[in-house]
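Read the single chain below, which is given as C-alpha cells and is the form predicted alone.
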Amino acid sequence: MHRLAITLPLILCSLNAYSEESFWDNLQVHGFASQAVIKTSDNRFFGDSPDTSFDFTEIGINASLPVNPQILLAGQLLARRAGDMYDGTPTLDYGLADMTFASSAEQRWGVRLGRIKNSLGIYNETRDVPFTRPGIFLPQVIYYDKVRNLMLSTDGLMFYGESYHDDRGTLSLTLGGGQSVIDDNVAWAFLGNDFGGELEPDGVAGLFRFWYTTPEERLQLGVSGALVSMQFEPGQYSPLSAGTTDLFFWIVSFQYGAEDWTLTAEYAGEPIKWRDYQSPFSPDRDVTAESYYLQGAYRLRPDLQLLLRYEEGYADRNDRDGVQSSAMTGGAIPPFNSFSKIWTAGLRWDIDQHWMVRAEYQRHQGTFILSSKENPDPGQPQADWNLWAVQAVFRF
C-alpha cells in the first residue's frame, strides 16, 4: 500500500478544484455476499466437501471516487472463506489510483498505481464478483483458485492505452509490473508441501495484455500474460535450500456473444523452472503446464441461463498421463495428480436485480486442480469424482 503514497500529492492538489459537497456526491459504493454449499463424491474441494461443505463464502464491498476528470480512486475489500485455502480474513482485493494522461473520442492513455487487478484472460479482473462469473467456479485449469492471489493482483503500476474506431472496434494495450502477492497457497502449489520457509517475490513481475473488441462488443480476442519469479527462504529445519521458481503464464482468449448465447474459449501455457532447492522433494526441472476450455452459455429466458463447459489441464504437456511425474516420486504421487479433465453443467436464475441462485454439477477425471493444502496426503485423492454445488448471491 506504500505505493499509493506517491499519488497523494497529485490527489490533494486536485481536491482544491472541487467543493466538498460535489466531491463526495461522486462517490459510488457497491457490495455483494454469496454462500455456497458443496458436495463431492471424493476429495476435498473448498472444505470437507465429501461430508458437504459450507465453507465457500464471499463478502465484498467496493467503492470508486472520481477526484477530477483525470484521476479516479477505486478499491475493494473482500472477506473470502474457501475451505482450508482462505479463512475469511478481510483483505484488500485492489486499491488504486487511475490517472488519465490523454483522453478523446478516439483514444485514452493513462496509468494505474497501487494494488491493481491483473488483466489476465477474460475473467481475472472480475473473478471475485459472483454476478460476473460464468458459473459458481471459474474454469479451474486456467483460473486456479489454489494460487488465486498470485494471479489476482500486483502491487505496482500499469500503463494502458485504448484506441476507439466506430467501424473497426477497440484496441487496448496494458503493460506494467510490480510485486506479486504470494501466500501459503502458492507455496503449497509450487513446492508441493509446507517445507518450513517463506516463498517471496524475487524482483519485479511483468504483465501485459493486448485486446481487440468489435464495435458491437460481440467479439473479443486477446492475449495476456504474467512473468513471475519467486525466491524460497528456508527455515531452520527446512529440507529445501534457498531456491527459485520462475514462471511465464500466458492466455489466448476468444469470446463471441449473440442475443441469447455466448461462446468462450481460452488456451493457456505456463513454462515453469525450479532451481537450486537441492532436494529430492524439489529437484531442478523445467516443465510447461498446458490448459484450455470451451464454454457455452444459453439464455433460456431473460432470467434463466444454461451453462455447459469442458476443460483440460496438464501439469506437464510432455507428460499428459502423469506417468513420468509419478515415477519421479517413486509412485508416492499418483499419475492422475498431473491432469484434470472436467465436464460442467450449470443453471443460473436471476430472481431480480439483487438476488441470484446457481446450481452446478461437475464430473472430474484427475486431481490437478485440487489444492495440496486441502489434500496433503498424495495417496488419498481419488481419480474419478463428482461435484455438486448450489450458491445464493446478493448484491447492492
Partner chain sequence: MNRRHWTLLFASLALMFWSLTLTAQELIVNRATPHQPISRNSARLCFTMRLLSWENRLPVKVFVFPDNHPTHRQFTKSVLGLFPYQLRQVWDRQIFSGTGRAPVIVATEQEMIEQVAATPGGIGYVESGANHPQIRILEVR
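Values in this document were obtained by computation on a predicted structure and should not be read as measured data. Residue numbers count along the first chain shown, from 1.
Below, we refer to the form predicted together with the partner chain, which is not included among the displayed structures.
Engineer: Using heavy atoms and a 4.5 Å cut-off, decide whether 98, 131 and 217 all contact the partner chain in the predicted complex.
Structural biologist: Yes: 98, 131 and 217 each sit within 4.5 Å of the partner chain in the predicted complex.
Engineer: Check whether residue 46 has any heavy atom within 4.5 Å of a heavy atom of the partner chain in the predicted complex, and answer yes or no.
Structural biologist: No, residue 46 is distant from the partner.
Engineer: State yes or no: in the predicted complex, is some non-hydrogen atom of residue 324 no more than 4.5 angstroms from a non-hydrogen atom of the partner chain?
Structural biologist: No - in the predicted complex, heavy atoms of residue 324 and the partner chain never come within 4.5 Å of each other.
Engineer: With the partner left out here, check for me: in the predicted complex, does some heavy atom of residue 50 sit within 4.5 Å of the partner chain?
Structural biologist: Answer no; every heavy atom of residue 50 is more than 4.5 Å from the partner chain in the predicted complex.
Engineer: Do residue 69 and the partner chain share at least one heavy atom pair within 4.5 Å in the predicted complex?
Structural biologist: Looking in the predicted complex, residue contacts with the partner chain include residue 69, since a heavy atom lies within 4.5 Å.
Engineer: Given that the partner chain is left out here, which of 320, 81, 146, 299 has a heavy atom within 4.5 Å of it in the predicted complex?
Structural biologist: It is 299.
Engineer: Which of these stretches, 287 to 295, 273 to 281, 163 to 171, 149 to 157, has heavy atoms within 4.5 Å of the partner chain in the predicted complex?
Structural biologist: One stretch meets the cut-off, namely 163 to 171.
Engineer: Looking at the partner chain in the predicted complex, which residues in 36 to 62 have at least one heavy atom within 4.5 Å of it?
Structural biologist: Result: 62 alone.
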